[in-house]
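First, one chain by itself: the form predicted on its own, in structure tokens.
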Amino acid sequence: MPILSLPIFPSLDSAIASIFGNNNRILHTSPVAGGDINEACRLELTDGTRVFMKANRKDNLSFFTAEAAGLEAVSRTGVIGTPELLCYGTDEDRGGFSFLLMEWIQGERRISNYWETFAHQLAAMHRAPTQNFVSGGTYGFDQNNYIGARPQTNTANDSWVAFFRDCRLEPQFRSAEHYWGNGDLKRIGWLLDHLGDFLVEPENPSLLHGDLWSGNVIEGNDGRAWLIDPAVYVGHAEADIAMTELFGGFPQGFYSAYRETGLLQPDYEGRRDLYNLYQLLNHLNLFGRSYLSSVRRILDKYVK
């Protein structure tokens, strides 16, 4: 997939002037509640236009180039909504920060079959061709990105099981090595060596959102579900569905509708916790010991 060619600007004011006209400037800035990695706010311009901005330290511009590439990949499938990307850049004039500008999402009233429609659109994204998203292999992505605030490696591999072992579980286990005793290390090594006893190769590779929990699904301007804050890569569709079940889950109508598409292979429930082991290890490495018992519970399930 070609590198995303979004405009990049040396200041927020120059971005606003270039995109919305020289007579436009920021009239009001309002904070927007949301994630804990970036600052988010709504910009209201002098002509009444509203713009969504995410900001972080100047040296974290790569957060936004990766996010933009992920949103662009989802958008290219042509089956599910994402916010329109406007530009990114850095700003020295206002104290030194990096930023990403996107369209402001009004959040129109949901359509009546919101969750069922979302399930079918997500399945369509999971069925979309993936060959333009990863070079030199079947699984991965053409650039590395982030899962939360942590780097996510997307080195191409022709085996889903090998990719999930080498680029997902193994780096997270290594980052959390200060939690493991000798017995833990033996169990972790055994699991990584025998991952193919539990996971299956997908019938077809899928573009994944990669961080699919309820906070990253919003009501779009068409009343349907739109995706934000992706950690995209090509993998097994089941990994996305497993993530939706980790922190509270979606309404049952979503799961019933997704199952109708036939993308879940037999015994998905037996693999679900292994997919979510990656997410829980990431939370352990981001937020600390409170996630350790959940990680150990999954190890106990698969390593006797």
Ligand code: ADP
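Predicted, not measured: the structure shown is a model, and the values here were computed from it. When you see a residue number, it is the position in the sequence shown, counting from 1.
The next section is about a form of this same protein that is not shown, the form predicted in complex with this ligand.
Quick check on residue 83: any heavy atom within 4.5 Å of this ligand in the predicted bound form? Output for residue 83 is yes: heavy atoms within 4.5 Å of this ligand.
Closest heavy atom of residue 216 to this ligand in the predicted bound form, within 4.5 Å or not? Contact with this ligand, yes.
Although this ligand is absent from this view, report whether residue 36 comes within 4.5 Å of it in the predicted bound form, heavy atoms only. Residue 36: yes, in contact with this ligand in the predicted bound form.
At 4.5 Å between heavy atoms, is residue 102 in contact with this ligand in the predicted bound form? Close contact exists here: in the predicted bound form, residue 102 approaches this ligand to within 4.5 Å, heavy atoms only.
Exactly one stretch in 261-269, 46-54, 237-245, 22-30 has heavy atoms within 4.5 Å of this ligand in the predicted bound form; which is it? Stretch with heavy atoms near the partner: 46-54.
Contacting member of 167, 231, 228, 188, with respect to this ligand in the predicted bound form [4.5 Å, heavy atom]: After the contact test, the surviving option is 228.
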